[in-house]
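In the block that follows, a single chain appears as structure tokens, in the form predicted alone.
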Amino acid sequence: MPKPRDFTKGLYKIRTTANKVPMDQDLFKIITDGMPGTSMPPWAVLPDKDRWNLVAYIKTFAPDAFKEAPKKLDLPKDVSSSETSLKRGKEMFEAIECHKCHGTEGRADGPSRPELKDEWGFPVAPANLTKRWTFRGGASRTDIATRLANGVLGTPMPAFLDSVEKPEDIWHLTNYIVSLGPERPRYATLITVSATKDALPDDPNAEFWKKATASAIPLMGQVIVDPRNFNPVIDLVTIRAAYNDTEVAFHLTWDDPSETKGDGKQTFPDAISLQFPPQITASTERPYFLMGDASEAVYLLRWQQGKGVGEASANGPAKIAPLQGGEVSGKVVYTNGQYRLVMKRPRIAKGEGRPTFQPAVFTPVAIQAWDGGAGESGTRMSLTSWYYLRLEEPQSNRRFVIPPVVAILTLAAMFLVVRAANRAR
């Protein structure tokens, strides 16, 4: 999902034309860049000549569709982003009911989502407007304005150039969409766990977590063992973490278009887990990242919709055993297509098979996530390989004491030098 394009229909989603006929450059661009969020990869690795030959060959599947000459779309005059433009863009977003498909905050969780189908009757998901790097056809302002102006053929996304009150509203709406998220995320290579002497809040919306350092971690579909997940829904998790003398807490944020407890047949509970080696050592050797294997287990700190937070030991994705007696807790909030979760546990391990988190130690960590509403469970998941997190060393009070002491000693030394000089004179 989405299904592959039926070339015999001559309908092309991404085009820069005012009619249904794409330019050859449009087809060439899609072959080159691929279609993010689908199984269509980029083919820039092929020579230009081969890609242009592909354009010519694809057109032979629907020759009648190309009898009409393509008509280039003329966009209204560009309007730069401003506070006034963003306000107008938000008004248009609501007025032309973009939120019914894309959601109130643009996370593809609108009420119409379950009913959306393409030209051939297959389910089709709306774009997550907060993730511009997944936009099909490009993430630039011109690319977005073009999609808004002439729609996306074969999908429920209509052309809006004739629906807006004024032509320049296309640019106001574009500016608002651009404001919803970055063109590309800044992925982290190391997850920082901040030290604090305060209590670690359970509330995922607490001000404490808004001020914490955020680490964006990309996830990929699991394609090693069956059943594989070639087009995962969850492709990014943002981690914030903190610890004090007794506890460590992880704050996770990720987009999911539906809050799902699952029926056990077509849908399953939403879930996410953090994976660690059972013992943290200085060795660079780590267990197998896909939930360990028969020879070496991993520790999972896991949340599941309807069950809450728990701990488990895994010797592979099919051999997961809950750990009993752990002192773990958690709280989750789901709002406008986004989960925010806090998971807490003792910093010092209590019981076998659990890691102890020590300051200034590089600790391996991996992530697995399941969108149960998309039928993900078991090995059909999103995941990462091993990353590292590091607990910052607690800041000593000496940093507040030493500078004043040095200043006082310096002033005293200067006073003695001046006094000695006056006596000698």
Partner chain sequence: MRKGLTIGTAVALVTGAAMWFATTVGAQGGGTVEVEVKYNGAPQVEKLKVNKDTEKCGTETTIEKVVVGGNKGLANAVASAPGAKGASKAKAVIDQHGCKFVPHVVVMQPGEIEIKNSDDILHNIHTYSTANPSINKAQPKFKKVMTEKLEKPEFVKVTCDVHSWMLGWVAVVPGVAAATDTNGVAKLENVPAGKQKIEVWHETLGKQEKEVDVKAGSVTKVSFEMKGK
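Every value quoted in this text rests on a predicted model; they were computed, and no experiment measured them. Under this definition, the rigid core comprises the largest set of C-alpha atoms superposing within 1.5 Å between the forms. Numbering follows the first chain given and starts at 1.
A second form of this protein, the form predicted together with the partner chain, is not displayed here; the remarks below concern that form.
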Looking at Thr267, Ser163, Thr104, Gln279, which has any heavy atom no more than 4.5 Å from the partner chain in the predicted bound form?
Ser163
Of the residues Leu219, Ala212, Met157, Ala145, which one places a heavy atom within 4.5 Å of the partner chain in the predicted bound form?
Met157
In the predicted bound form, does each of Ala95, Lys100 and Pro111 have a heavy atom within 4.5 Å of the partner chain?
yes
Which single stretch, out of 323-331, 305-313, 118-126, 231-239, brings residue heavy atoms within 4.5 Å of the partner chain in the predicted bound form?
118-126
Pull the contact list for 16-37: residues with a heavy atom within 4.5 Å of the partner chain in the predicted bound form, in sequence order.
Lys20
With both forms fit on the core, has Lys9 moved 2 Å or more by CA between the shown form and the other one?
yes
